[in-house]
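In structure tokens, the next block holds one chain alone, the form predicted on its own.
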Amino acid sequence: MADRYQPRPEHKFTFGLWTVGNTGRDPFGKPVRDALSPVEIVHLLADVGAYGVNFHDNDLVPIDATSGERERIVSSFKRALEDTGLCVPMATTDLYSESVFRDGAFTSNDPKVRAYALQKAMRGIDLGAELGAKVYVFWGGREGTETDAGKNPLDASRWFREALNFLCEYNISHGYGMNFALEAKPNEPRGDLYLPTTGAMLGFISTLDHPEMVGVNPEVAHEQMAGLNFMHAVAQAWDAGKLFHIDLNDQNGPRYDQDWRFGCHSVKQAFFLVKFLEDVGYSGSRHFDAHALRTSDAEDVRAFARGCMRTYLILKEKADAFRDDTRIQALLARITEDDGNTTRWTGTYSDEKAESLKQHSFDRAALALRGQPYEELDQLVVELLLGVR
């Protein structure tokens, strides 16, 4: 019998070169796995059933590569994509790992660094466009401070805005048709990062010259690092029409950025996220920005990649079961029961509606008596996820 949790192209599962290609190095330890070439990573992802592969500019082309080396690398990568059928839905620029960006890229106090960051981003956008990417992500890993003595946040906001406005015009001028997606994170590697949450990014986008071109790329771990509910951030982005991309992984609360396998820790939160994405019909990539554990060998990295996709599909099936569960749906109907008596005050405002509502006498004591069976409903969700429903 066919495995119903086998990924298929329509699921749009993607990984970055930096994810399955992670060598297990961390701030306290050296690499424990051999580095894989971009071509090897493409074939690995094809073997485990992924739909696409994403990259930072220098994941693919080393920063000091000559034009001839760049051509050979990109040509080999294109052949691997053709051989495997994988695509490149998203690309991004590394504006954080090089020493030149130690005080930020677009928000560096040094105008030459800001200009270099723009140059690097334009070249990265060119590379992404050449390989078919339609979404370009900006994560400002160094856009922040450790001390507010040295940088004015209003200057930083202005510089960041100017950079994005410039790159939007570049995108238009070259006819790339890309959408830009901004990725928030509260801290790490800087002590404090500017625009630390998805909500902050949404507010900032409204100040740009081309807000229609710019959305967000929320990440599970990044919102949870701030102690926030990730699904709520995703819902806000969706409601604003700005969910252009999404990074899936897992995290154990407000700690360092753990980037664990999707669903490996916070199963209930992952369920409600998957349920939301499937309920609203999100059609973009499901990108796994996660890393295998440092204890993993090469084969276990494959198990990690398969596990991310398999968990998503299992939770998708559970979301279907939630919608089909008559007891759960009966409770939801009871919770949201509406006798229709308030419809006269809903919808578009009018003076008549406002005056009628002001004059109405509510039985506050009776309203306060109505409880909601959230304990019972939540227990049914737990039983559903534990496989006893």
Ligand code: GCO
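Residue positions are given as counts along the sequence shown, with the first one as 1. Computed from a predicted model, the values in this text were never measured in an experiment.
Here the subject shifts to the form predicted in complex with the named molecule, a form of this protein not shown in this document.
Among 92, 107, 224, 311, the residue placing a heavy atom within 4.5 Å of the named molecule in the predicted complex is 92. Between the options 142, 185, 286, 261, the residue in contact with the named molecule in the predicted complex by a heavy atom within 4.5 angstroms is 185.
Taking the partner from elsewhere, residue 96 is found to have a heavy atom lying within 4.5 Å of the named molecule in the predicted complex.
When contacts are judged by a 4.5 Å heavy atom cut-off, residue 219 counts as touching the named molecule in the predicted complex. Of the heavy atoms in residue 137, some are within 4.5 Å of the named molecule in the predicted complex. Contact check for residue 247: a non-hydrogen atom falls within 4.5 Å of the named molecule in the predicted complex. Stretch-level contact analysis of 71-79, 118-126, 233-241, 251-259 against the named molecule in the predicted complex, using heavy atoms and a 4.5 Å limit, identifies 251-259. In the predicted complex, just one residue of 17-52 lies within 4.5 Å of the named molecule by at least one heavy atom: 18.
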